[in-house]
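To begin, one chain is listed below as C-alpha cells, in the form predicted alone.
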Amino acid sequence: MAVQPAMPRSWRRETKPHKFCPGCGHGIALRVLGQAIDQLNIQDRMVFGCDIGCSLLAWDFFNVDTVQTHHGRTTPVIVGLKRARPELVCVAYMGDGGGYAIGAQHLVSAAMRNDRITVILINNTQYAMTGGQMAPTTLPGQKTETSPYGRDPDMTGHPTQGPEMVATITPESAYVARGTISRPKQLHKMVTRALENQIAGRGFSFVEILATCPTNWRTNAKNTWKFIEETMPTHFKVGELKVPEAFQAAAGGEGARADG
C-alpha cells in the first residue's frame, strides 16, 4: 500500500477536513501552495490574502498571517501590505470573478506596476459560490445558471485569457503561468517559482490554476476529470508564459514553457 504524503506543515490541522465541496479543485491548489511554503521555509513571514467567493473558505486554511478582503480587493490589499512590509512574502488568492471581473482593474494595475507580489487565481469557469452563474472564463457553449442555452460569444464575448493578458503588460522580470490541478507536480513548480520570484524581488508573479467544480458543473467523477483534462485546456493553454532569465539560466536555458 502506497504511503500518503504528510499534510503540509503550513496547514492548520484543526481546520481539516476543509470547507470546500467534495471534488472541488481548491483543496489541491491549496495543498500545492502549502507544499511550496514548506519547501521555501517562508511560513513565518507569509501573508495570505483571500477574496470573497469560494476563495474565502481558505481564510483559516494555513498557519500563517491571513487577511480576507472585500470582493475583488485582495490584490490592492496585498500590494499595500507588501509596500509597507517588503520583507514579507505576500500572496493574493482569488477566483476568476475576483481577478477578471470586479477585481480586473486591480490585477491590471498591479501587473503594469510590476508589484512584487504573487497572485494565484482559480479558474473553474463560473461563479461557484453563488450557484454557478456565467463568469469571465465560462467557455463558449457552456451552460450555467445565467447561460442556460450555453454561452454565446457573439452576445457575451469569449473567455478571458488572463495569463496571456498579464504576460503582455508586465516586464521581463515578471513570472506568468497557467497550471492545472490535474498536473500537481507541474503546478508545484509554477507556484514555487512564483513565490521565488517575489522573494528575489524581481517582479510581479501570476499563476492561474484550472480547477474542478463538479457541484455546479453537475458532473460525476469521470466527466469532471474529462472536462478539466480535455475540454478546458483547448481554451486555456497550460504552461509558463513568461519566465525571468534567472530561472532560464538555472535550467540551462531550456524551454520557457512547461506543457508536460
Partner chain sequence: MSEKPITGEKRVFMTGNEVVAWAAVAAQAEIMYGYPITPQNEIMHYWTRLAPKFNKTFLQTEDELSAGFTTIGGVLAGKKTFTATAGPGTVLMQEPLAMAEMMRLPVVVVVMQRGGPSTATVIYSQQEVTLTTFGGNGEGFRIVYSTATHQDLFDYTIKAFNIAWKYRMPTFVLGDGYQAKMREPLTMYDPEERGVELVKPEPYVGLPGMPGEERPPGHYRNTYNTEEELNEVVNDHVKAYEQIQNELPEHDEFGTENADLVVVAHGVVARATKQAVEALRAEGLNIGYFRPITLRPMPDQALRAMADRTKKILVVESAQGQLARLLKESLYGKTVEIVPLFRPGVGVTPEEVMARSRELVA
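Numbering follows the first chain given and starts at 1. All figures in this text were calculated on a predicted structure; none of them were measured in a lab.
Although it is not shown, the form predicted in complex with the partner chain is what the next lines describe.
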Among the candidate stretches 103-111, 131-139, 158-166, 145-153, which one is within 4.5 Å of the partner chain in the model of the complex when only heavy atoms are counted? 103-111
Check Phe227 for me: does it contact the partner chain in the model of the complex (non-hydrogen atoms, 4.5 angstroms)? no
Please determine whether Thr66 contacts the partner chain in the model of the complex, using a 4.5 Å cut-off between heavy atoms. yes
Distance check, His188 to the partner chain in the model of the complex, heavy atom within 4.5 Å: no
Can any non-hydrogen atom of Gly80 be found within 4.5 angstroms of the partner chain in the model of the complex? yes
In the model of the complex, does each residue in the set Ser173, Ala200 and Phe204 place a non-hydrogen atom within 4.5 angstroms of the partner chain? no
